[in-house]
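Shown here is one chain on its own, the form predicted on its own, set out as C-alpha cells.
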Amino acid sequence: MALLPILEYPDPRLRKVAAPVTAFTPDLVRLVRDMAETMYAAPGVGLAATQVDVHKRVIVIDTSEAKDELLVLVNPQIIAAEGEAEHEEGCLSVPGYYDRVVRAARITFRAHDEHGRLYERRADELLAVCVQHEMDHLVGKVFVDYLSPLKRTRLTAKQRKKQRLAG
C-alpha cells in the first residue's frame, strides 16, 4: 500500500471528468487500498480517485468513529434523493477550509465494490453528504463551487498564494 499525493484546489486536474471503471482487476483493488490508506492518513472521511489524479469513477468513504467501516463505491449512481439539508463541509483538496453547503438530506445510491459486486444503499446525515460530495469530484466539481462568487474568488487567491509560497 502507498500514500498517494492529494491534488489541491485550484489544480485544474480536479476539473477532469472521471471515466467509468470497465474492469475489476487487481490494479483496481490496489488503487482502492491506496486511496483508503491515503484517506485515513490525511485524515478524512472520503476520497475520490480524481483527488489523487486517477480519473476513474472510484470513491472510498468511512464515516465510522472507529474508522473500520470502509465503503467502496465504483461507478456510483444516485438513484433517489429526498429533502434538503445544510451541513458544514471540508475537503482534503481544500485543506483547512470549511463552509456550509446545501445538499439532498437523504439519498439512495447504487455502486459496485472493488470486486465488481453491485449493491444499493440508503444514506442520510454525514454519509449522504459524503457520497454527494465525493460524487461531485467524479464530474469535476469541488465543494467550493457551491459558495458565493466572492468567497470562491477569495479562496482561490489564497490557495494560489499558498501554492506559490510552497513551490
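From 1 onward, residues are counted along the sequence shown. What you are looking at is a predicted structure, and each value in this text was computed from that prediction instead of being measured.
Below: the form predicted in complex with a small molecule, not depicted.
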| item | value |
| --- | --- |
| Residue 82: touches the small molecule in the model of the complex, heavy atom cutoff 4.5 angstroms | no |
| Contact test in the model of the complex: residue 43 vs the small molecule, heavy atoms, 4.5 Å | yes |
| Distance check, residue 51 to the small molecule in the model of the complex, heavy atom within 4.5 Å | yes |
| In the model of the complex, residue 126 touching the small molecule (heavy atom, 4.5 Å) | yes |
| The single option of 111, 130, 107, 36 touching the small molecule in the model of the complex, heavy atom within 4.5 Å | 130 |
